[in-house]
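Next comes just one chain, in structure tokens: the form predicted on its own.
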């Protein structure tokens, strides 16, 4: 990145940017919003509250040109092997073109539709002949966070015939045991979602679920009526015993954190119906088209990504807050934590050299009104500079006057917070002094439905890709998660042998403390 001419220019421009107050940009330009926003059908992206001038924006656009971003976008969307460390494409965008699908993708849609129709028509029955009433999704990471986030957001729009959905991901088993105590084995279906179908977290929970059903079922065939597998590894699904018509497949060119668009999104289809699932896909594809076709100066993912680069690499803002002003997006920040930090949390470039610049923000977030009473204190009066994305919807969740009142109150709070973070307030009492100058974007969508949610998620995916191109890193591998898995298996073996002597003193000490406590009890 530092080899580009635009980088030097941006470094020079940033010296002035660091000295000015954000509010001053509004004081000198009444038309600032018009000059610093971008739109597409269903979405307005306002970045006027960023500490940036037109000259600095132009330099960022030049940085994108010098990094050959346009060519990289074409590589991504045409299926080139952009994931070079694993030698494969990142083809998640192929999953959401509902008008021109790949044959193998279309085939999985048909299989998903058959399962969904059987569930909705009460024809998918368990070992006793009773219809399925509850579905538990067992998965971790991308097999959990994406579907959980979407189905929670769209729960109020669920198909009336859809069974209840539950999500289980924690290795300690408490989520699963809590559900097994209140649900019936006769009417519960488990979705075992794992890209490799070897993930110990997922398979250990699936084994517990299987043993629970076996306690009530009279046959292996009856037990397996209660399980659906979603994986790239068909042989492993078969080995586990998943019935052929209960196997759904996706492919190694779909990364785990991008897999909600694939059969991993089965829970979305169950809740919304296949038409609702395809509306979600269509929204994502609309953003793909925008990303591919719009010039950079009007391209929302490109601008969102470049603004992050400006803040992180030139203004030294390392924190990123995600602030949806809608409780239905409770899990959005958790989903984006994985999407961004697993993708761009890298310290080596594409050539294998170590980078000497920041590559990813530390991202967290919460539903806005809750966040106001939690960590906004740090943003308003703390010592850390933080960039924020406010997510807002123009249309209320309901049509009553009370819905409209609460919606207006929500809008007022969102705009008040972004404005307060920007302008601040000087007070002789230092305890009441607000520095201001905290930068933010506001992403305004028409309404919260499957289509617009698809647009929003696709936007952030492409933002991550834009930044990876500028930083010259591969956003599609995640070697950093492998070491911990490997060591966990080594420790598990030694736990069973009661011999941790080959590990460090801390690991040995904790294990011996656990054994002492359990011995005393």
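Residue numbers count along the first chain shown, from 1. Note that the structure is a prediction, hence the values are computed from the model and not measured.
Separately, the form predicted together with ligand F6P exists; it is not shown, and the next lines address it.
*Asks:* So which of 141, 126, 276, 361 gets a non-hydrogen atom within 4.5 Å of ligand F6P in the predicted bound form?
*Replies:* The residue in contact is 141.
*Asks:* Please pick, from 195, 290, 96, 210, the one residue with any non-hydrogen atom lying within 4.5 angstroms of ligand F6P in the predicted bound form.
*Replies:* By the 4.5 Å heavy-atom cutoff, the listed residue in contact is 195.
*Asks:* Determine which one of 108-116, 173-181, 336-344, 352-360 lies within 4.5 Å of ligand F6P in the predicted bound form, judging by heavy atom distances; exactly one does.
*Replies:* Only one stretch qualifies here: 336-344.
*Asks:* Is residue 256 near ligand F6P? Define near as a heavy atom within 4.5 Å, in the predicted bound form.
*Replies:* Yes, residue 256 sits close enough to ligand F6P in the predicted bound form that at least one of its heavy atoms falls within 4.5 Å.
*Asks:* Is residue 468 one of the residues lying within 4.5 Å of ligand F6P in the predicted bound form, judged by heavy atom distances?
*Replies:* Answer no; every heavy atom of residue 468 is more than 4.5 Å from ligand F6P in the predicted bound form.
*Asks:* Heavy atom to heavy atom, is residue 481 within 4.5 Å of ligand F6P in the predicted bound form?
*Replies:* Yes, residue 481 lies within 4.5 Å of ligand F6P in the predicted bound form.
*Asks:* Since only the chain is shown here, I'm wondering whether residue 485 would be in contact with ligand F6P in the predicted bound form (any heavy atom pair within 4.5 Å).
*Replies:* Taking the distances in the predicted bound form, the answer for residue 485 is yes, it comes within 4.5 Å of ligand F6P.
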